[in-house]
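Encoded as structure tokens, the following chain is the form predicted alone, with no partner shown.
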Amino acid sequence: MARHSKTRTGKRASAKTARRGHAVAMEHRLGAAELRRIAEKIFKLSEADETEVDISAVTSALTRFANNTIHQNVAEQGLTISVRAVVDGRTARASTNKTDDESLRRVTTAALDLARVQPRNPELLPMLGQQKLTKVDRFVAQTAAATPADRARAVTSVCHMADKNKQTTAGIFSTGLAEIALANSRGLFEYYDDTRAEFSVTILEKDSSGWAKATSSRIGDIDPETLARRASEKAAGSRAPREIPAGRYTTILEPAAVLDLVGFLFYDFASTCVADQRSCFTGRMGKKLFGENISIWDDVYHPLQLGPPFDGEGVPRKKVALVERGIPVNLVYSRASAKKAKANPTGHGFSLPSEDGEAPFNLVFAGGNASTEEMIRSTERGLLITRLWYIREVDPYQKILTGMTRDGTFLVENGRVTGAVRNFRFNQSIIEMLSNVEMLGPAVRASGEESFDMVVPAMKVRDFHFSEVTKF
């Protein structure tokens, strides 16, 4: 009986803690009603033909650690109010971070004054009225309510592990929430909020390093100890790297490495980019370009993605099949580019005025069933790559990138990892790479240092081109 009573007490305590956490989260959340109130104030002040208000509110907190100790804890709240005025076919924007009546009056007047001196845009489309959106739920109170103590407990455990292994660790653990509202004088009002947790860790030894990172809307999905253990094993396995010659190798790219490469494709899927002949898909739409096992979507509704279900113009985002079985089949469109191409807008436009047009920010690659271990076992001789950095585009049309490996580059021989090797510089066409994919792992939410998060699989690729051995 006492045991049952204790269990009920524990459940009540847990529920109380959850309610307290929810209350803390709500303290930092302005909410749709407050953002609508700000927008309505601006509409009353505006003398423009049309007025648009874009509001972004962000609360973020970060715990930073290095040399096996926490050395920084910071938190900030920011609010940006961007007002776009349209007058006589001209448009411009002005911004403020203040919500008092005088600041709102000034920013509204500034947007109107700037619009009046802009050249007339005969292609400017009228603002949209209210749109029907597909609901997405990505606000997690537990993430928003995370405290410095919560992050410190996780980081302290990681630092203790590094001390025990005689390694040095550094990284960050951040949590936060974001709210976006888009409203205009034609009656449109759209609101989105989400939370985000991120843990990134690097483990260092005398001549080696390892790394791991994860992000999610749910802080409970992130396991700092598991990530640190992975980075620790990478660092230990990378000791005393040997030098092998540069050349073309069968290469197993972990998801972070795949992300850092294919992330360079995202703007190529923009209709504006293709029309301007700046895309690697210009003149290649509908033609076989990649391997049969490569299919790509843009899908903001995917359960592993984040982001609002509307674009910078208020158009609802659509799931778009971009590549089917190696063939680029569709592009994404803003309202203006869709009109030029006699297509339908897909909800990927940037906030106006913009010369960039549109882009897909929620790329999802089809995955496979192969584990990294299976890829290794099937490889006679090749390389296993943890991640890449200092990546730059060499040839936009052939999509040739250059950069370097880091934080765990390993030689695979006769189906097993036989040791670490010195890092390489690579010079590789992404088109060629995606034509040479032999095996795919399950698609996961991957995080890198040089690209936004995407849903991608690990890949085993033949003939990946490493051009030289680096000096470190």
Partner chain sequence: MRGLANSAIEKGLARGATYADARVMDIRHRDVSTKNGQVGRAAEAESLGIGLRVIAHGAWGFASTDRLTRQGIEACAAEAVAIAKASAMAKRHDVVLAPEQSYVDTWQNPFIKDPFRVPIEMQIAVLLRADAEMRKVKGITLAEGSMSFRKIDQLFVSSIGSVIHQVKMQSGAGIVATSFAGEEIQKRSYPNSFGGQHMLRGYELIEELDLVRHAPRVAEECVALHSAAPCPEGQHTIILDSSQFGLQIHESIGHPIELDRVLGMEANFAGMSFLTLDKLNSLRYGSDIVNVVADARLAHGPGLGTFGYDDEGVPAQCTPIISNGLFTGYLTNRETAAAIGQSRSNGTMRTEGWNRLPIIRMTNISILPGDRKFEDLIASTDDGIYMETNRSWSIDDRRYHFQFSTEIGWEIKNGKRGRMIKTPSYSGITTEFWNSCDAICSRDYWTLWGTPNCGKGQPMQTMGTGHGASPARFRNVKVGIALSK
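A quick note: this is a predicted structure, and the numbers were derived from the prediction, not measured. Numbering follows the first chain given and starts at 1.
The discussion below concerns the form predicted in complex with the partner chain, not included here.
You can rule out all but one of 397-405, 310-318, 329-337, 135-143: in the predicted bound form, only 397-405 has residues with a heavy atom within 4.5 Å of the partner chain. With the partner omitted from this view, the residue of D88, E76, E380, E225 that lies near the partner chain in the predicted bound form is E76 [heavy atom within 4.5 Å]. With the partner removed from view, the residue among A343, L114, A236, L188 that has a non-hydrogen atom within 4.5 Å of the partner chain in the predicted bound form turns out to be L114. Contact between T202 and the partner chain in the predicted bound form is found at the 4.5 Å heavy atom cutoff. Using a 4.5 angstroms limit between non-hydrogen atoms, D101 is distant from the partner chain in the predicted bound form. Taking the partner from elsewhere, A240 is found to have every heavy atom lying beyond 4.5 Å of the partner chain in the predicted bound form.
Under a 4.5 angstroms non-hydrogen atom cutoff, the partner chain in the predicted bound form has N67 among its neighbouring residues. Annotated contacts: P119, R278 and K471 all touch the partner chain in the predicted bound form [non-hydrogen atom within 4.5 angstroms]. The partner is not shown here, but in the predicted bound form the stretch 134-157 reaches within 4.5 angstroms of the partner chain through a heavy atom at P148, A149, A152, R153, T156.
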